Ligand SMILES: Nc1ncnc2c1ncn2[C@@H]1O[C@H](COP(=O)(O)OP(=O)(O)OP(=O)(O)O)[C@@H](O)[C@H]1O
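First, one chain by itself in structure tokens, the form predicted alone.
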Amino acid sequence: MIVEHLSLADFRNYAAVDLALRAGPNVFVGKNGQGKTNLVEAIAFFATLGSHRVSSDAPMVRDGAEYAIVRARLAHGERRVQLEAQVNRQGSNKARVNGAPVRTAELPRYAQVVLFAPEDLQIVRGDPSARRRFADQLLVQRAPRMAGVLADYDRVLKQRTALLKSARARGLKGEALSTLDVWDDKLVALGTEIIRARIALAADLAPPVAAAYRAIAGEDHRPELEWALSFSRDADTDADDADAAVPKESRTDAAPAAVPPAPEVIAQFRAALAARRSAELDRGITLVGPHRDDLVLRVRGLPVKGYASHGESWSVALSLRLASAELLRADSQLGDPIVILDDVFAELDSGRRGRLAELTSGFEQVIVTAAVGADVPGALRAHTLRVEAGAIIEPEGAEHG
């Protein structure tokens, strides 16, 4: 799969732009703040339905406009598909495929993108929310129907939490809240599907993560992935914090956990909700569910967060993205995912730069952004464009690798 053409209107700093891209490597070079990342952010939106830089859509809309339009023509062999997204400053976004209106959640069925960025270090070093977001975006790309499940869970969670806050304000106790049982049923049904899908994803990621880590780091530090479920923690542990999710003992094997049967997850989920009901009413928040789970990452048997070096942390982050690309490549009927390397090479030492370039250069299309062209290994400099204040220029002396 490749992006043949990208068109933007009122997106970030672009009033209007039309851009042709090629198969193989494409490099955008320019100083910071010129709009390089805005281009790849627009491409990735079709796959993830969001931005890798901000949590809301409003910042993607150009100042003074109410909405932005992003259009892309994607190609796989002889097949072509035209995607369009209207990103609204307020309210729901809109989408079209080949000119026909569709639900926005349908877009990831047609576009698969893996984006590497400096922000990826937060996946391994940041809060659990960054790891949940990484996993859920990959889930949606592999199974687009999960976008609806995740959205439904989020709505139920908000409604249930609003009920808890209202009960706390009115001094109500659990027995006076029969409606809470209804929301519990919905939370458990949707949450169980998310939990099982995430555990299965971690198992699928484990082998390619290990292979990618060896290739990037040049060493085998036994990277591991394991979901720490909120309903499996001690009753007095409810902080949404990576340290709280790490088991006290270090694991010595890298075997991924088997996906538990749905009835088992449902039973544990319900028991945890019952056990935490008093605490939830006291605090006015939902303390149990996939919104409080964490993907624990380890190297050498120790949690990456708090124990891994800077280089090891980068190797894990890159390995997660490379493994994602390999999974999508294996799953897809549309060819390779589009691989985007957004200002990544400046963050890496020369050894990792070269190994990353070697590992990604075989994909059908690789899109690179860099402030300094020399930071990009020669193998990826086949088609270089310069970005200056929202204008895209092909230099006369474009670099060819």
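Note that this is a predicted model, so its numbers are computed, not measured. A residue's number is simply how far along the shown sequence it sits, counting from 1.
The same protein also has a form predicted together with the named molecule, omitted here; what follows describes it.
Student: Is there a heavy atom of residue 33 no more than 4.5 Å from a heavy atom of the named molecule in the predicted complex?
Tutor: Yes, contact at 4.5 Å.
Student: Would residue 360 show up as a contact with the named molecule in the predicted complex if we use heavy atoms at 4.5 Å?
Tutor: Residue 360: no contact with the named molecule in the predicted complex.
Student: So, in the predicted complex, is residue 12 in contact with the named molecule at a 4.5 angstroms heavy atom limit?
Tutor: Residue 12 belongs to the contact set for the named molecule.
Student: With the cut-off set at 4.5 Å between non-hydrogen atoms, does residue 349 touch the named molecule in the predicted complex?
Tutor: No.
Student: Hey, of 350-358, 333-341, 59-67, 42-50, which bit sits against the named molecule in the predicted complex at 4.5 Å between non-hydrogen atoms?
Tutor: After filtering at 4.5 Å, what remains is 59-67.
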